[in-house]
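The chain below stands alone and is given in structure tokens; this is the form predicted on its own.
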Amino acid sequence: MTVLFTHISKLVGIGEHNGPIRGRALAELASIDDAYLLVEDGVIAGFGPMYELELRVPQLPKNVMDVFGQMVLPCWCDSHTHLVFAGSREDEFIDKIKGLSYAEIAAKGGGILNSAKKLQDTPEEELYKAALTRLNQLAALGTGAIEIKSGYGLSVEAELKMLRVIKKLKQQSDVKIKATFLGAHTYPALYKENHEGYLREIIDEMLPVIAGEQLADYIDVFCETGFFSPEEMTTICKAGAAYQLKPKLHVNQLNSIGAIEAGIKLQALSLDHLETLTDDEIQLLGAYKGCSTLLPTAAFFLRMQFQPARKLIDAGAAVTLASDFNPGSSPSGNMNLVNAISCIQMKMLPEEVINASTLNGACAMELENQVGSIKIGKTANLIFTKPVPSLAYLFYSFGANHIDKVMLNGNWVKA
């Protein structure tokens, strides 16, 4: 199908970068006022100002849509989620209201172990249907690419079940999906006093099957006090590297324990969370080639301090935004809310937020050649806004849905 969109009030996110946008350049967002955009067979085939339309597209296609007053942006690229899970955890939500900490809830059998028990008891098809429903809801909210982790299985059978669900989602959805193996999310109760035994299960039993069935693109470890140490993370990631699984790592959510230094040595594609940072670590992230992925809705939900986005940007980091969608600490995958909180609480500019949640998110999934910006040859994953007075209004007016429609692979998403 070929369709020409005309009189776009502002075409946002024109692709000029081959890698992540870093530091103060994050505030530079190329756009065209009163623009046209041509989509052919699910791919961006042309765009420019309306006054050049007759010169660039002398033969108009049959399908022409006048979208006067609407802005068009690349879809959000959410590079850190736990979208496959069984059941909600609102009981823990009440515990948090009563003052229990994340660590205290985990210590009494809540948290990740709670989700693991539910997932182990849930049939694969039921998991798939629930995950597909969530994924479709996120697509209607503008997410066109997403990373999904395992990590709520914590056994060979259950981790593989999660990854097979993600593989099926890849096959069935227009959303571009990357899968991450997070067997090292926490230690299951059986291995609470036998860490080496669980490492061996991950390395000797899980990884060979995951590689054989091509179930994962990346490997992740929750490196945190009471979970996995930097040394354990290094052991797991080196084992994953033998199967060409690049690291995308949970670091510095609660404590600074050397995880950033270890992650940089491992050449991680992204280092994620980063709520707790020293000045020295901020400078390290400024020089780090990968993406520094911030998850503000997790900090919001857990009532933690927000990540120091401004300091990271000033240091030259490739700041990226993602939702951390999961049932325990960020039960929302709405990237519009992520972006609004990033402006309101982390003092990021609207232009910075859009770059961080589109092209930089794509880079954190190695999808930058396919999505994340408006560029000829990229997939037509597009957000069409309702008429709004400015880009800033999208995040200033955070309680309303400003999306009129969403296109993925040249197809309209059903609301």
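Please read these numbers as outputs of a predicted model, since none were measured by experiment. Numbering starts at 1 and runs along the sequence shown.
Not pictured, yet referred to below: the form predicted in complex with ligand NIG.
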Discussion item. In the model of the complex, does every one of R89, Q253 and D324 come within 4.5 Å of ligand NIG, counting any heavy atom?
Written reply: yes
Worksheet item: Is M71 close to ligand NIG in the model of the complex, meaning a heavy atom pair under 4.5 Å apart or at it?
Response: no
Worksheet item: Hey, in the model of the complex, is G328 touching ligand NIG, heavy atoms inside 4.5 Å?
Response: yes
Worksheet item: With the partner left out of view, is K178 within 4.5 angstroms of ligand NIG in the model of the complex by any non-hydrogen atom?
Response: no
Discussion item. Given that ligand NIG is not shown alongside this chain, does F222 nevertheless sit within 4.5 Å of it in the model of the complex, heavy atom to heavy atom?
Written reply: yes
Practice prompt. Sort through Y218, Y288, F228, Y102 and report the residue having a heavy atom within 4.5 Å of ligand NIG in the model of the complex.
Written response: Y102
Practice prompt. Have a look at 245-253, 157-165, 208-216, 133-141 and name the one stretch with heavy atoms inside 4.5 Å of ligand NIG in the model of the complex.
Written response: 245-253
Item to complete: Check each residue of 70-86 against ligand NIG in the model of the complex and list those with a heavy atom within 4.5 Å, in sequence order.
Response: H80, H82
